[in-house]
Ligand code: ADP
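Let's start with one chain on its own, the form predicted on its own, as C-alpha cells.
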C-alpha cells in the first residue's frame, strides 16, 4: 500500500492533472500485483489558488470587497475548465461544478462577514486557506473516475484531528489513527482510491484547522503513518532532492538516497522540496519517503530512509542549502563571564516574543551569545532583550545587544560527517580560498549539519565553493 501526495504545480493545470491521473492509474495497476495492494492520494490546491484566497480575504478585512468577488469568478472558471476538458460524463461534470460553486459561495459569504467585521482571525484564515484543497480533491477524484478508476473524495477534516493552534495545528495521533483506519481501510480494501484534501484538519468539535503552509506533505505523512503504508510518495516538479539549488549551482544533481536526519536538516534550512515536519510521522514508523517528479515520472527520484537501513557513507557531505532574510543578534559583555542564568534569560525572552531561533553560537569564555532569527522578528526581540537586561546594561555587565542585517545561514548537511576528521577544514579552506568571511559557526552534537553565517552578498559564492570542494556535482 502506498500514499501519493501531489503538490500545487502537479495539479496546477488541465494538462498536469491529466498527467497525475495517468500516474495514479499506473500505480493502481502496479499495486494490484503486490501482496498489499492499495493507493491513497493526497492533493494540494491548484497552484496559486491558496494565495488568491488569502490575499482576497485580507483585502476584505481592510474594507476592499472587489478582490474576493473577482477571485471567486476566476477560481470558478479555473476549476470548471479542468472539469470541462477531463470529465466527459455530463452528470459527473455538473455535480463537480455544483460542489465547487458551493465552496466558492461559502468563501464569498465568509469574505463578506470579514469585511463587515474588519478583521480576519486566525480561525477564519484557516477556513479560507483550506478551501483550495476542498475544491481540488473532489475535482481530482472525478477526473480519476473519468479515467476508469474507483475514486472517492474524502475531506481530511474527517480524518486528521488536531489541536486548536490555528495556522499551524498539531495532529492528535490517537484519534487520527482511529479515524483513518475506520474511514479509509474499508475503501482501500474494496479497491477504492481515496482522494484526500492535504493541508487541512479539524478540531475534535469539527472546527477547520490547517497544518501550516506546505502542510500537504505533512498530511500525507500523517495519514501514511496512520495506515502503516509501505511507502509515502511526494510528487512535485523536480527530480527529487538536489545537492544544492540548481539556480545557484549549475551542476547540482539529484541525490538517490538520504536519511531522515539529513532531509530534516535540509528542509529546516531552506530546501523547498519537503515540508519540514513531513518526516516526523514517517520516522516513527520507519516508512520510506520518496520524492518524485510528476513531469518526469520515470526518474527514480530521492528515497529517504532510516540511517540504519543505509550502508555507511562515512565522511560524506550530501548537500548544501541556505536560509535567507535572517538577522544575527548578539548579547555581549565581559560581565557575563561566569554569571549563571544569562542564556536562560536570553532565550526565555526570545520565547516570549514567539520568535524562531534558527542557530545559536556562544563563545567558550561566555562573553557573548549570538543567535539567528528571521529578519521580521528581530526588532521585537532586540527591544525585549534591552528591557530584560536593563539593569545589566546600566551597570556595564552587558555592553551591547545588537543585530546584524543582511545575513544568510549556509547549512552543510550529511550524516556521514559524524566522526570524520577534516570535514570542517575542507569547508573553511574552500571559503577562505574565495575570500568569504564567516561571521558565526554552529555544529550540533549529531554532526549532521555545520551551519555558517555569512553576508547575503557572499551566500551564493559560499554555496558554490563548498559544493565544488566536496565534488557534489560529480
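Nothing here was measured: the structure is a model prediction, and the numbers come from that model. Positions refer to the first chain, counted from 1.
Keep in mind that the form predicted together with the ligand is missing from the display, and what follows is about it.
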item	value
Sole residue of 395, 400, 247, 354 within 4.5 Å of the ligand in the predicted bound form, by heavy atom	247
Candidate from 299, 272, 150, 98 lying within 4.5 Å of the ligand in the predicted bound form - any heavy atom	272
Proximity of residue 13 to the ligand in the predicted bound form, heavy atoms at 4.5 Å	no
Residue 281, heavy atom within 4.5 angstroms of the ligand in the predicted bound form	no
Interface membership of residue 241, the ligand in the predicted bound form, 4.5 Å heavy atom rule	yes
The ligand contact in the predicted bound form: residue 9, any heavy atom under 4.5 Å	yes
Interface stretch in the predicted bound form with the ligand - options 69-77, 328-336, 231-239, 85-93, non-hydrogen atom within 4.5 Å	231-239
